[in-house]
Structures are given as structure tokens and as C-alpha cells.
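The chain below stands alone, shown as C-alpha cells; this is the form predicted alone.
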């Protein structure tokens, strides 16, 4: 028999499947079950479904689940629940990498751009952790503030050079999360994030141990630096894949892991499936809100998630127990 955890997770997955089906039929083009099963000569509804709606929905699920999961990994490795790629300079570093490769090698394939962005994101995250080790942390809130400042500096440098090189529009397209341009053939890079999520789940127990500190990890016979490096590589590559494909989705990796932690605790193997499912569902709901609130126009997902996420982030900061790591 399934235990309570598996039953609840199964119900959550069924809810996501229901939202996925609903999402497929939301949009300007008239795609309905009646149109799909009708014997139409042009088959327009089926074409829209296969070329646009299904790829877009898959991209939402992959991006939402993976960004939520890497947010949890960052929080565990940094031992701070207010850290995620958009509050640690990781996203801004990936954007800087995209700008550099666009200037120096504009003909590079999209996979190559993703690798360069991953390298820059990795370096930015290492710099963030290095800064944390060199300053006194009297409050748990200092950590995300340091990350936000670092991200602001990197973002300012990126914006300056993008302005001088007349690439501001390209920069805004990279860093403004939107699924409006997702079509078949333009989202497949996100399947890399699925592989990385599986790798993160396999290493879940190691991340849990590493989150207890270097001394504790070493005493259990694990190489702390290798676990940290593996986690940061996963975080950097997922961030780069999502930024290259759909742009930045702020606060996602911050809000979802904290919500799940309140329900399931800090064991990564236990919480990872919940983080992935709720992250995917959260982005899916926000995307549907962005599509219907000004129908037939669309509000970018980055704006909707940013508004909702910032409100939830402020609520978390103002809670009485916000000082607890």
C-alpha cells in the first residue's frame, strides 16, 4: 500500500496533469477538443497544438520544476533559505556570458552559448560563495542581500556594455522570462534540465549531508568540495539552459523550496519531487494568469512570477521567525 506521502504526491501530480490539459486549450488561436476531432481540411487546430501549445507547456513544466529544484540545492549548500539563482548573482552572470559570446562569437550554436553561459554562471556563483566566506554574517538576511548586490553589480556591467554595443534589446529578451516565443524546435534544450534534475535526485543524500557543514560531511566519509562542485555545476547549467531558452524567472527557486520545507522538512530526497511538482505547477498557473488577464495580449511570465514572488518574499522576510536559517 502507498503511504500518505506517496498518496499526496500522486494527488499533486494529477492536479498538475489537469492544469496541463487546461493550459493547452488557453490561447488566442481557437483550439478546442471539438476542433481537434473535427474533420477539418486545413487541420489548423492540430497544427497549433503540436507546434505551439504542447511545446510551450512542456517548456513551462521543465523550466518551473528545474529552477525550483536548483533553488533548493543552493539553499542547502549555502545553508541559507533566502538564496536562489536570482538572489546570488547566478542569473546575472549567465546573462553576462550570453552577452560576451554574442559579441565575440555571434555565429556560435545555441548549445555553445548555453555552455558559455553555464561557465559564467558557475564563476558568478563561486564568487558569491567566496564573498560569503570573507564577511561576518550576523544575520541570515545578510546572505541574500550580498547576492542581490553582487547581481546588481554584474547586471550593471552587462547593461553598460550592452548599451555601448547596441545590444540592449537582445539583453532584455534574454533576461525577461517569456514563453510566448516557444515553438517546436525552440525549446528542446530544456530537456537537458530534466537530465540534471535526475542527477540531482541521485545525489540527493549527498546534498543533504553537505548542508550540515564541511566537518560533518567529512566525518561521514564524503568529499565536501566535490559535493559542492557537483551542486554548483547543476545549478549553473540549469540556470543557463532556462535563461537561454525562456529568460529569467525570478523568485521561483526561493519561494517553492521554502513552502515545501514547511511541509516535508530538509531531506532532499523526500522534498525534491515535491519541489519539482509545485515549481512546475506554480509557473503553469502564473503563465495561464499572464495569458488571460489581458486577453488576447500576454503578460510575460517573468513579470507575473516577479510580482507574486516578491510579495511572498516580503512576507517571508517579515515573518517573526525570519531570523532562523
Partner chain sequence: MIEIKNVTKAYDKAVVVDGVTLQIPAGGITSIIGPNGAGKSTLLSMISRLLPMNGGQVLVDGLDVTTTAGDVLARRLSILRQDNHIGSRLTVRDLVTFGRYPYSKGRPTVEDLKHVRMALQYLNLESMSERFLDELSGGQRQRAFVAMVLCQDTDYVLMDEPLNNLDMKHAVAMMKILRRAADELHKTIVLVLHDVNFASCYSDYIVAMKDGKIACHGSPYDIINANVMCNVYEIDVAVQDIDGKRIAIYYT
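Numbering follows the first chain given and starts at 1. Because the structure is predicted, anything quoted here is derived from the model rather than measured.
Beyond what is shown, the protein has a form predicted in complex with the partner chain; the following relates to that form.
- Only one of 144, 211, 247, 250 comes within 4.5 Å of the partner chain in the model of the complex through a heavy atom, and that residue is 211.
- A heavy atom within 4.5 Å of the partner chain in the model of the complex is found for exactly one of 219, 184, 229, 172: 219.
- Screening 55-63, 256-264, 296-304, 279-287 for residues having heavy atoms within 4.5 Å of the partner chain in the model of the complex returns a single hit, 256-264.
- Mapping the unseen interface onto this chain, residue 113 falls outside it, with no heavy atom inside 4.5 Å of the partner chain in the model of the complex.
- With a 4.5 Å cutoff on heavy atoms, residue 205 counts as touching the partner chain in the model of the complex.
- Of the heavy atoms in residue 188, none are within 4.5 Å of the partner chain in the model of the complex.
- When the partner chain is considered in the model of the complex, residue 44 lies well away from it, no heavy atom lying within 4.5 Å.
- Shown here without the partner chain, the chain has no residue in 284-298 lying with a heavy atom within 4.5 Å of that partner in the model of the complex.
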